[in-house]
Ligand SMILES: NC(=O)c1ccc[n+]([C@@H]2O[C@H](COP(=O)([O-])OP(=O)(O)OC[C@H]3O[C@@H](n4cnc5c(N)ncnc54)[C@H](O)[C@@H]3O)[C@@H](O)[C@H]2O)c1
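As structure tokens, one chain now follows by itself in the form predicted alone.
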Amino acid sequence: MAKVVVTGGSGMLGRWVVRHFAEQGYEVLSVDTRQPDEAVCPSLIVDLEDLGQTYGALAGADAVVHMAAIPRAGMVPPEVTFRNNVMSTYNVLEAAAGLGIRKAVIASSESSYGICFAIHPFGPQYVPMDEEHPQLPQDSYGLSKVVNEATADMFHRRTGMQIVSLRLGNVIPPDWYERFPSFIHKPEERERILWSYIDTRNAAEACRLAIEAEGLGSVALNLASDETSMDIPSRELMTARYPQTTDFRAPLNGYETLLNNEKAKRLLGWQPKHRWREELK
């Protein structure tokens, strides 16, 4: 039985990743700065900005899923966000490399494209945005994700470790779907994330598939549901809030996602199974 260390295992997404790996028969260790609310597996309190502690936490693991981070801009001063997110990722991958761990998944973000927390607002150059879209952050959080992806590339070049950087859309746990009716007809809401979302259960499955996949090298993958979080057609959303964007690279005849997830589907064999309309029913 393979052992997987999940950092941030007490967090909103991390707890679902821990649960999914445990349900799939993996030996799991949850690592965080606080104990989990539910004891699904053994857990450790670890400061991932300390390389020695990180080595100790990852010892004996076959793979690591690094979800631990300050999860958005504005929670703490920007330099704290940058230092925590960049150093924890570097330390996790440095320790994994030193311990001979061959596979890792790290949490990147749609925020790396820059639109989400932009000081000077701007829109996408084209939609649906795929992984080739320019990453133009104006904030330390988005920048930290760009740096982490570059760090992943470096470790792959140095060691051959497979590292999948998941550019997560807005992460939604199942008990949040009851909030959707309050905004699904308001195009001004959630425009900074292009109305994207990803169910925690779908994201957790993508983490496992990324660990089980072979030969991916270092790759970044968008992770979003197949449709937006709105009850307004996608083309109408773009016309209302981003009229300057005229490059449409898909027909957009319905409620299609504006954060292209085709690469994750192709490389991981992943399909987002949980959707807000079905959940509300």
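Start at 1 and count along the sequence shown; that's the residue number. Quick caveat: nothing in here was measured; it's all calculated off a predicted structure.
Although not depicted, the form predicted in complex with the ligand is the subject of the following passage.
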Original post:
Pick from Val147, Ile184, Met161, Val171: which has a non-hydrogen atom within 4.5 Å of the ligand in the model of the complex?
Top reply: Val171
Subject >> Ser10, Gly14 and Ala68 all contacting the ligand in the model of the complex, non-hydrogen atom within 4.5 Å >> reply: yes
Original post:
With a 4.5 Å heavy atom cut-off, would you call Val64 a contact of the ligand in the model of the complex?
Top reply: no
**OP:** Verify the contact flag for Thr239: yes if a non-hydrogen atom of it lies within 4.5 Å of a non-hydrogen atom of the ligand in the model of the complex, no if not.
**Re:** no
Original post:
Going by a heavy atom distance of 4.5 Å, is Thr245 a contact of the ligand in the model of the complex?
Top reply: no
Subject >> Contact of Leu29 with the ligand in the model of the complex (heavy atom, 4.5 Å) >> reply: no
Subject >> Stretch from 204-212, 137-145, 94-102, 120-128 whose residues place a heavy atom within 4.5 Å of the ligand in the model of the complex >> reply: 137-145
Original post:
Judged by heavy atom distances of 4.5 Å or less, which residues of 37-63 approach the ligand in the model of the complex?
Top reply: Val46, Asp47, Leu48, Glu49
